[in-house]
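Take a look at this single chain in structure tokens; it is the form predicted alone.
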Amino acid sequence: MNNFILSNLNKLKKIDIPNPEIDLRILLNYSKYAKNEIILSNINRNDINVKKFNKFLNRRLKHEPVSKIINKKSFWKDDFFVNEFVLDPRPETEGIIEESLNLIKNKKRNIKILDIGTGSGAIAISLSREFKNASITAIDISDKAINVANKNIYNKKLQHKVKIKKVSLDKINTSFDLIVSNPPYLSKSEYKDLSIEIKNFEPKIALDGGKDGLNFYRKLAKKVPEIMNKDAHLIIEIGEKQLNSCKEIFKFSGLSYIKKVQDLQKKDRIMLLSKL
């Protein structure tokens, strides 16, 4: 490994970047002139746009996530454009897609889906990939998030299948067969304890769920039953310690609790409900 690589690797290690080799390789590959994949053990500095690389590296040294530097994050079967105005889609959120597929066996059904708080549009777009005849509405209250979601939808030529709307949940009056959401669910204290990488580079509106983290679930329980068709389902992401609180919130909503789903770390992560 040459001195150029070692010196930059040490810079990342010095500030305790979790996976410095991976991050360095990604930043180098997004700074290269060459078409071939850059490998740390066999690199030619002449293949790198050093000015561009240094700009990227300096951003990473300020703890900006790699996804925000390269404006890309993978989720389900796609790569998505992301920036500081949207939450990075997480692997655990893929549970929403998996449970949608478990519930709706006929992938060719004509169904109406609502994605609440769409952000980058990752959930809505992923569902449109799976349910070819679905009509999908994705809503958000952030203009900047709407711009990102629209960019992703147009990049993937899915504007005929996924409709993005800047509107709050209480203004939705049509009914749906499936409603999904990854709402903000961190409590005030949890938000305060977040890492710099999340707190400084991801939108607070997508993370902060109020004093106890449950504000959005109360809104969902109040409004969502009114816009669900008969036999419709609600699939939501929850915080790892919020299952009992969420079950209590939805107790008198007219929805039936079906089950919880845990993520790969065995933490409660997805909650399923259906209309009585």
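Residue numbers here begin at 1 and follow the sequence given. Just so you know, these numbers come straight off a predicted model, no measurement behind them.
Here the subject shifts to the form predicted together with a small molecule, a form of this protein not shown in this document.
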### Summary
Counting only non-hydrogen atoms, the one stretch of 88-96, 122-130, 101-109, 153-161 within 4.5 angstroms of the small molecule in the predicted bound form is 88-96
### Message
Using a 4.5 angstroms cut-off on non-hydrogen atoms, would I172 count as touching the small molecule in the predicted bound form?
### Response
no
### Query
Is there any non-hydrogen atom of F75 lying within 4.5 Å of the small molecule in the predicted bound form?
no
### Task
Check whether L61 has any heavy atom within 4.5 Å of a heavy atom of the small molecule in the predicted bound form, and answer yes or no.
no
### Message
Although the partner isn't part of this model, could you tell me whether A206 comes within 4.5 Å of the small molecule in the predicted bound form, counting any heavy atom of the residue?
### Response
yes
